[in-house]
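Just the one chain here, the form predicted alone, laid out as C-alpha cells.
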Amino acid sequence: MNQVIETILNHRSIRSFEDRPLSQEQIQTIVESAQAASTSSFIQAYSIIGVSDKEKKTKLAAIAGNQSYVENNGHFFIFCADLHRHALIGKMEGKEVEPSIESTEKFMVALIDAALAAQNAVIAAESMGIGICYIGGIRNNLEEVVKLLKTPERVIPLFGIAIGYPAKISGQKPRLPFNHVYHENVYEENEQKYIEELQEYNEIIQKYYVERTGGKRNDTWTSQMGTMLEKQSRMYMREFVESIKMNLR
C-alpha cells in the first residue's frame, strides 16, 4: 500500500484545532491541488473562498449551528458552484450561453466540479499532516452567507472545509461494508440481503459509539439516518437556487 492510499484510508473528521494559522504556501498548495482535479469539459465551474477574517468566521460558525471549529482553525475554505464567470464568457465571446448555464445539467456539473476539487484539497491537506472537517452547516442560511461573502449571481456556496493542525485526533467511523456499496455490472436489488447487511452494519456502528462514549451512546446507523431524514431541513434550497439564476430547467 502506498502513502497516497494510506492517507485516504486514514481519513477522519477533526473538530479541534490548534491555534495555528496555515502558511500562505500551504494555502496555495491546497488550492492548486484542488485545481488539479478533473473537471467536466474543462468548464472549471467552481470557486474557493478562503476566510481568515475572525469576525466573518464567527458569523459563519453561528450560521453553521455554533460549531466552534468553524471559527477556530488554521484556515476556513468555502467551496462554491460558480457559473458567474461563464456568463461573463458569453458577453466576451458574443454567445447566448444563458439557456445552457441555467440548465439542470450545468448545475450538476458545477456541483460535481466543486466536490471533486474539494476532495483533492482534503487529500492534499491530510498528506501534509493537517486535519479537516467538511461543514455543510453553512447551507442553514445561504442568504446570510451570500451577503457575508458578497457572492454574485450564479454562485452558490456549497460547503466549508475547516483545515488546521489537529489538537485532538478523533476516532474513525466505520463505513458501510464493501459489498453493500459496490455492485458489479448491475445494481443488485435484493431487499432482504440489503436489510441483513444493514443490520450487521448497525452492530458495528453501535459498538463504535459505545466504545467511543463509554456507553453513553449506543444508537445504530439506520436509527440515526431515519431520525435525521424524517426531519425536513433546508427545504428552501430550490427557491434559493432559482433566485440566483441557477435554475433547474
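What you are looking at is a predicted structure, and each value in this text was computed from that prediction instead of being measured. Each residue number is its position in the shown sequence, starting from 1.
The protein also exists as the form predicted in complex with a further copy of the same chain; that form is not presented, and the subsequent description refers to it.
When contacts are judged by a 4.5 Å heavy atom cut-off, Lys56 counts as touching a further copy of the same chain in the model of the complex. Mapping the unseen interface onto this chain, Gly226 counts among the residues with a heavy atom inside 4.5 Å of a further copy of the same chain in the model of the complex. At a distance threshold of 4.5 angstroms between non-hydrogen atoms, Ala167 is out of contact with a further copy of the same chain in the model of the complex. Proximity of Ser38 to a further copy of the same chain in the model of the complex: non-hydrogen atoms within 4.5 Å are present.
Residues Gln44, Tyr46, Ser47, Ile48, Ile49, Gly50, Val51, Ser52, Asp53, Lys56, His75, Phe77, Asp82 are the members of 44-82 with a non-hydrogen atom no more than 4.5 angstroms from a further copy of the same chain in the model of the complex.
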